[in-house]
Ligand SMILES: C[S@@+](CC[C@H](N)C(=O)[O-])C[C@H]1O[C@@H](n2cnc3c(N)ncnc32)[C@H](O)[C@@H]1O
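Quick heads-up: it's one chain on its own, the form predicted alone, in structure tokens.
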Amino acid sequence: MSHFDHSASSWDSPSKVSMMMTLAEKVKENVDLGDNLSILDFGCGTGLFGLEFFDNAKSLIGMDTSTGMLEVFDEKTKKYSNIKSLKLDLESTEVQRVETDEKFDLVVSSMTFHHLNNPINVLTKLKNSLNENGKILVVDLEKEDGSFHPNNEEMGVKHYGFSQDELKSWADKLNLKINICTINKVSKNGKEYGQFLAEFH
């Protein structure tokens, strides 16, 4: 059982709920999202981040690799016919975009990219899943020293955050424009860790 499957039932702690609500609010402050959007929440977990954008959505798909997380997501959203979950490891599949009946106006992702082996490969597939004028909003850790997580290997951490130069290089390779800003600071371990918003469009 993966770390995320094992943690799913207790994932929605007050601190995580508060952080994801804050991050979603900051995204809304910094990006003109529009409404009636088809939205993909990549690495949705239990939906703490992506479901904050439901008011902007005509449909929302939560995608994750963890069965346990998606079970919690499905329980939260079972009353809504326009919210669905999708179990898919986009990193390991050979398909070149998210295979659904629709493309997306907006892809959101929070605190997922540092778990990916090859972020630009996944970003390519997400780009290929966008409608014209679609956006990908990635929230994650700014470059850190590896101390943010208590056990990087056990928790599947592959990157200690990302620098602006890294993010800009992804955009350049994919012929995308990018806007980057710091939207939150997390204090723990006697240190302060920045969280960025990267808007790819």
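The first residue of the shown sequence is 1; numbering continues from there. What you see is a predicted model, and the numbers here were worked out from it, not measured in a lab.
There is also a form predicted in complex with the ligand; it is not shown, and the following applies to it.
Although the partner is absent here, Thr77 lies well away from the ligand in the predicted bound form, with no heavy atom inside 4.5 Å. Taking the partner from the other structure, the ligand in the predicted bound form has a heavy atom within 4.5 Å of a heavy atom of Trp11. Shown alone here, Phe4 lies within 4.5 Å of the ligand in the predicted bound form, counting heavy atoms only. When the ligand is considered in the predicted bound form, Met111 lines it closely, a heavy atom lying within 4.5 Å. Proximity to the ligand in the predicted bound form, taken as heavy atoms within 4.5 Å, picks out 40-48 from the listed stretches 25-33, 40-48, 128-136, 168-176. No member of the trio Lys58, Ser85 and Glu102 reaches the ligand in the predicted bound form with any non-hydrogen atom inside 4.5 Å.
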